[in-house]
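Listed next as structure tokens is one chain, alone, in the form predicted on its own.
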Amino acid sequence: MAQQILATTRRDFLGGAMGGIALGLAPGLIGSAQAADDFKIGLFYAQSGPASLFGPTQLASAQLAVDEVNKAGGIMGRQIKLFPTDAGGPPADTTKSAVRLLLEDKVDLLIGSHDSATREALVATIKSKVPYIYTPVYEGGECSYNTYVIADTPEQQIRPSVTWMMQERKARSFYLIGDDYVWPRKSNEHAKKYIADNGGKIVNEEYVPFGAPNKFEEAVTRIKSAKPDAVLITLVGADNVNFNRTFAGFGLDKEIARLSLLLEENTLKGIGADGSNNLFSCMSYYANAPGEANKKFKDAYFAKFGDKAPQLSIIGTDCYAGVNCAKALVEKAQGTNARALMTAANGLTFNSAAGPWTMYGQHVDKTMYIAGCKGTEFEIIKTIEHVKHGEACKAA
């Protein structure tokens, strides 16, 4: 672990990072030559903004994993020190925080549970100089060097859920609505292909500014006029809540099904029982998912946080898996050298709230669940085991 940090001035670093220029450092060399023995992890999550309803469970789940890893001896004998950092604002703000974590705090590794626009900005800033583990549901296609993705992919989430909607719910026409940034737009490119493959059609596609005070009356009026069989929703956090409340308020929930690609427990509780009729979701984790692994995870979670425990959801347990992935990855590579980490990632097994996952091609295969909403709870309708991630990242 005794690696030397190459000399770089703060001014040069900031200029290069903010301009998207590669940092003048060799991969894998930042954050090792530090006085403290701690293994420093920067955790990017939503402390602010439209996705901040996920924040409490993101931090709590990460803290639980850190406690468990540290109790078991840390990472290569070093205790984890977590650096929680807001990633709920504009991507440029998060990249500035990344520069601080790299230069001043000298973190060994970064974990990100945030939107895809921020991921793209961070990848451009980090330039593979420290390992970066990206955790939440995403649109696919991330194969950057020294970046490791444990998120649900379109092949795992969108293909099976759209196919189910068309085969089991007889949906032939879809209205697409999402926030206006990379995840909804690229996810919908996949969705349009899957819909076409099953003989369906798109009646309209629209995007709204991310995080604006959207009330959605006009959008819902357009949906009512278009008369689709189903609405595919790629709205995040508060936008997802407001849309579904408005949709049900117009009475459309009685005749038009909805499939939301980022609908978990926190968002569902925000939508409320009155807004959740005929609403569906597909994820690799729900708090009431069956299995001994989830039971063990929940027992530990509630033992630590008790009655004040934040609501569990996949956007939270992804951070738990991210910390465990970090431990397994670094210990298998015997350090933070980028080339060694990339080699170690293939066949890497690590723990998640849903049980052990194995990585290849910088992603993981998973068991997926299709769920319907019953009030403010999820009812698992279908379990699909061993779903391939479908990404085409080349081996290092």
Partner chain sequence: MDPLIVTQALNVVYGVTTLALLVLGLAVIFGLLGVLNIAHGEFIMTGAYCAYVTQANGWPFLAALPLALIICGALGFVVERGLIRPLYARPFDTLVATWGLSLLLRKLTEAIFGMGFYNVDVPLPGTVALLGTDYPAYRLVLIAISGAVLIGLFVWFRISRTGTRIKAMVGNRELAEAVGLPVRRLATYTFVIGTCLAGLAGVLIAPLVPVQPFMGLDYVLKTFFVLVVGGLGTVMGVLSGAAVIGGLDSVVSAAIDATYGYLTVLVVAILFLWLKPRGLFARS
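Numbering follows the first chain given and starts at 1. What you see is a predicted model; the values in this text were computed from it and never measured. Whichever C-alpha set is largest while still superposing within 1.5 Å between the two forms counts as the rigid core.
There is also a form predicted together with its partner chain; it is not shown, and the following applies to it.
* **in the model of the complex, the residue from A309, A212, A293, A196 that sits within 4.5 Å of its partner chain by heavy atoms** => Here the answer is residue option A212.
* Residue among T246, T147, N278, N324 with a heavy atom within 4.5 Å of its partner chain in the model of the complex -> Selected residue: T246.
* **Contact of G200 with its partner chain in the model of the complex (heavy atom, 4.5 Å)** => Flag for G200 set to no.
* Asked: Taking 4.5 angstroms as the cut-off for heavy atoms, does S52 touch its partner chain in the model of the complex?
  -> Answer yes; at least one heavy atom of S52 falls within 4.5 Å of its partner chain in the model of the complex.
* Considering only heavy atoms, tell me if D299 and its partner chain come within 4.5 Å of each other in the model of the complex. => Looking in the model of the complex, residue contacts with its partner chain do not include D299, since no heavy atom lies within 4.5 Å.
* To do: Report yes if any heavy atom of P154 sits within 4.5 Å of a heavy atom of its partner chain in the model of the complex; otherwise report no.
  => No - in the model of the complex, heavy atoms of P154 and its partner chain never come within 4.5 Å of each other.
* Asked: Are all three residues D37, D67 and L110 in contact with its partner chain in the model of the complex, where contact means a non-hydrogen atom within 4.5 Å?
  -> No.
* Looking at 71-79, 154-162, 215-223, 316-324, which lies within 4.5 angstroms of its partner chain in the model of the complex, counting heavy atoms? -> Selected stretch: 215-223.
* To do: Could you run down 235-266 and flag each residue that has a heavy atom within 4.5 Å of its partner chain in the model of the complex?
  => Heavy-atom contacts within 4.5 Å come from G237, A238, V241, N242, R245, T246, G249, F250, G251, N266.
* P50 C-alpha relocation of at least 2 Å between this form and the one not shown, rigid core basis -> It does, since the P50 C-alpha is displaced 2 Å or more between this form and the one not shown after the core fit.
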